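Quick setup: one chain, the form predicted alone, written in structure tokens, and binding and motion questions come after.
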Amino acid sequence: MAANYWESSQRRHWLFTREQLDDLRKKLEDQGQDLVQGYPLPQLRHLSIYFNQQIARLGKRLGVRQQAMATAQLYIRRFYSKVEIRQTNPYLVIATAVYLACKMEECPHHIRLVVSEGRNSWPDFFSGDTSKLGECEFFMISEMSSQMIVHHPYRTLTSLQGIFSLTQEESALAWSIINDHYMTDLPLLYAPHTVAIMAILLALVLRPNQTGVQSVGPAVGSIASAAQAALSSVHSSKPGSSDKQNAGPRTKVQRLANWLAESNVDIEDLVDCTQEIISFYEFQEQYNEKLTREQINRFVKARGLDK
């Protein structure tokens, strides 16, 4: 079952519609109105960017590979769909997610080392007591109903890069886009193969340059238009259309469009997925790390969650 996404717990229990996800979060806020009003937090996207930065910080200290850090990010997103963030110490949750993800991705670290590096990373907000992380581990596993196996888009990207003759730079950019999608709700909304194809599409549209993926923000409108045009061409590439009489695709984007036309990939899902990641890049420009950190630290200290 672990090798088959279609039969996995990820598909059966951890894939939502936007409405379902919004309802889950609204219920959590409704149940803790006093905390929500007493300790305002930045938008979820900004929290996600901050959590990603902290996971990367801890992961670098521990030498954690990228896939394990991606698993940790998804654990945190799942966990906070079940538990209101103000009820927890996010720094402990981050360390626990990394510790647990390393176990599941077969690159484990001793609990004492994780606690030690967590203490070094956030000395004012992280206890050196290993039992705290152990308790949080069981809490996290329980909230996720012991459904810990994660299917990532990286495997699909690796299998498709030869089909579309991706250059090293294009593959690297697509990989980077997949890394970034963990800072959005996309892992809870779409199948991994949809995300991988979206990343390939954007990598081809962006055409890697010296500034890479960070150049998305200022040109988000033109990029969205180019991506939309590529997806729209899928319909004209359907088997039996007049365009099919032409020779092979003249560009990699055309080749991708032709491949999609013959596949079972849901184009509407791909369009939504593409729009979401582009919107995230645009939103990322407004991120204020200092404000986000201060608002998180405030409720952690005020509620004594750092003890």
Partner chain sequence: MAVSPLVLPGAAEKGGPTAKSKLQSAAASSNGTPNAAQSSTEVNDVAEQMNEDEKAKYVKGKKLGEGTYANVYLGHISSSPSSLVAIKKIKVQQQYTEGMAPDAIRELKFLQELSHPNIISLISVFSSKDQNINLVLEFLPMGDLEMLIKDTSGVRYGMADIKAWMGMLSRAVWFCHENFVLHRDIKPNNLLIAADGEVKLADFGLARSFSDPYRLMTSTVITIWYRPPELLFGARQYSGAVDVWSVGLVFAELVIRVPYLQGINEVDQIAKLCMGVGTPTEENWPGVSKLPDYTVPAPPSPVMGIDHYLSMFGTVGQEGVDLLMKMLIMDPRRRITARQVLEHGWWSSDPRATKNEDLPKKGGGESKVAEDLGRRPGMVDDERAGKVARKLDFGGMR
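Because the structure is predicted, anything quoted here is derived from the model rather than measured. Positions refer to the first chain, counted from 1.
The following text describes the form predicted together with its partner chain, which does not appear among the structures shown.
Of the residues A191, L92, V205, L160, just one reaches its partner chain in the model of the complex with a heavy atom at 4.5 Å or closer; this is L92. Heavy atoms of G128 never reach within 4.5 Å of its partner chain in the model of the complex, leaving it off the interface. Proximity of D124 to its partner chain in the model of the complex falls outside the 4.5 Å heavy atom cutoff. Taking the partner from elsewhere, N288 is found to have every heavy atom lying beyond 4.5 Å of its partner chain in the model of the complex.
Within this chain, N120 is remote from the site of its partner chain in the model of the complex, having no heavy atom within 4.5 Å. Contact with its partner chain in the model of the complex, defined as any heavy atom within 4.5 Å, is confined among 181-189, 194-202, 104-112, 166-174 to 104-112. Not one of T156, L256 and D266 is positioned with any heavy atom within 4.5 Å of its partner chain in the model of the complex.
Contacts between stretch 133-149 and its partner chain, counted in the model of the complex as any heavy atom lying within 4.5 Å, involve G134, E135, C136, E137, F138, F139, I141, S142, E143, S145, S146, Q147, M148, I149, listed in sequence order.
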